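Coming up is one lone chain in structure tokens, specifically the form predicted on its own.
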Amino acid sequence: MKPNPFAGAAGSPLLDVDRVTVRFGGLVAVSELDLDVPQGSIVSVIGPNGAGKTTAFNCISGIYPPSAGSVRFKGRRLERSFSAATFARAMGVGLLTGLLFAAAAVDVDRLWMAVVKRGMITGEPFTAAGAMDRLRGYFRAELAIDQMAGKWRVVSADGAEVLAIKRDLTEARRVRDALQAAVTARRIGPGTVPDSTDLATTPEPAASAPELPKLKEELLDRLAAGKRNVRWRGWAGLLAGWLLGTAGTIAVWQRGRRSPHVVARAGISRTFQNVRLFHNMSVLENVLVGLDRTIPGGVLAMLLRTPANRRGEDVARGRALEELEFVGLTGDAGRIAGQLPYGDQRRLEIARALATGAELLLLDEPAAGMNPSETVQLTGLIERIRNRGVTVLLIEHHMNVVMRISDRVAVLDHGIKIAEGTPAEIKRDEKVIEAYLGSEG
């Protein structure tokens, strides 16, 4: 058997299930399960129906999270590690969320009106520079000009306050500038701290000042405080959205920390009790599904048919044919998977699992529904899988298969491991005979 360069530390098992418990509400499906699977071995898990065998498999393969305990593969937990790149992506999503929150906090409808639609009303051609100027004006609560019913209105930055109405645009602009000077003076008057942006934009008095509307003191105060209020709302929305987006992204990442694709990438693949093939795809295409992540470039490269993508597909096709040859299905590569006999469908599932490059293969009742001849062929296939360097963890009810090929056997009953040992030891164990083997006779 070829040595595995990726094996864990010397003397440590390839798979270490340490006191794993799986609960569904008040139901304990698996209770404090300990199971070691040495590299290069075949370990079987047996027990009556409902003993928790498949639940344990689902926990190992990432479908269910353990309620307690841990699963380690090659000495490491079966979960993604939290890295600086993960945190950076979460912060990026948080920043985007923060910007959306900030836009909502300062009233996105009025922001749109001030930055985009106002330029259209005044007949200005849309430019990015013009939009940025209007955006800065909105956050500085500068007065603006709108048009309604053929007349020009001097309004507050958000359009909520109408300060003057003029028939002539030039006159409206002069009034706007003069009123802006009054509002700015209010902001930097006695008892206030001058703002450099206010001082820098204080308009010079017009040579012939227009007649200004008389503004109430409370309106002047409200207009003068507008910049402070809109900035506070914007910063508060940005901070709240950033924190919420970052925390939410990390929470979603945490939920997928032990997802099945993470476990598969680590080097564990599995089959299921019920055959799970793409029945309308060919046999070869089913195996290629297991090799999808080995093809470089992703969806875009596939659509563009880049040279690297074509080379990757050729390599994957060759690898898939090798796996079909290994399980004895080379002649059926072009057949529709749903047309295969049941036993061949089982072998196709195993070929797809092996194509992922798995170092540990979980087989969940692979001989279920097979006739004696197919069962013998399956037994030989499992032995050949072990001989090529792949460790096997097996759930099986056919005791002749288990006792023939297993190096060790663990027995579960009602979610509890009641025995573990060699096949010969398990045959003689009184607890196993009473709970399981006795009922086989």
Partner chain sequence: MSQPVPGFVPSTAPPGRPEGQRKLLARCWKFLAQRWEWSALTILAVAPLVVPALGGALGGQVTTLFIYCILALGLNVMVGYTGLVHLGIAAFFGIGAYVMAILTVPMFPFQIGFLAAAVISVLVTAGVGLALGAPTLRLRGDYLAIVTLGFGEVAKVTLRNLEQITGGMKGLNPVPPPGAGVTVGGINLGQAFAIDPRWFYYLTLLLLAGVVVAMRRLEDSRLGRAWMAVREDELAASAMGISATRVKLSAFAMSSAVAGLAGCLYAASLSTTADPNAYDFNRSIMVLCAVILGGLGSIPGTLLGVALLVGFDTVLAPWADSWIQQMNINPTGSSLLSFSGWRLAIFGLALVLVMRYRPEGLVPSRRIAAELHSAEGQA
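Numbering follows the first chain given and starts at 1. Please read these numbers as outputs of a predicted model, since none were measured by experiment.
Below, we refer to the form predicted in complex with the partner chain, which is not included among the displayed structures.
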Point to revise | the partner chain: the contacting residue among 325, 109, 161, 133 in the model of the complex [heavy atom, 4.5 Å] | key: 109
Practice item. Please pick, from 151, 261, 76, 311, the one residue with any non-hydrogen atom lying within 4.5 angstroms of the partner chain in the model of the complex. Key: 261
Review point. Going by heavy atoms within 4.5 Å, which of 227 to 235, 167 to 175, 278 to 286, 363 to 371 lines up against the partner chain in the model of the complex?
Key: 278 to 286
Check your understanding: Can any non-hydrogen atom of residue 297 be found within 4.5 angstroms of the partner chain in the model of the complex?
Key -> yes
Review point. Using 4.5 Å between non-hydrogen atoms, is residue 139 touching the partner chain in the model of the complex?
Key: no
Review point. Does residue 273 make contact with the partner chain in the model of the complex, using a 4.5 Å heavy atom cut-off?
Key: no
Exercise for review: Evaluate residue 63 for contact with the partner chain in the model of the complex, applying a 4.5 angstroms cut-off between non-hydrogen atoms, and reply yes or no.
Suggested key: yes
Study note, to complete from the structure: Residues in 301 to 337 that come within 4.5 Å of the partner chain in the model of the complex by at least one heavy atom, in order, are 302, 303, 304, 305, 313, 317, 336
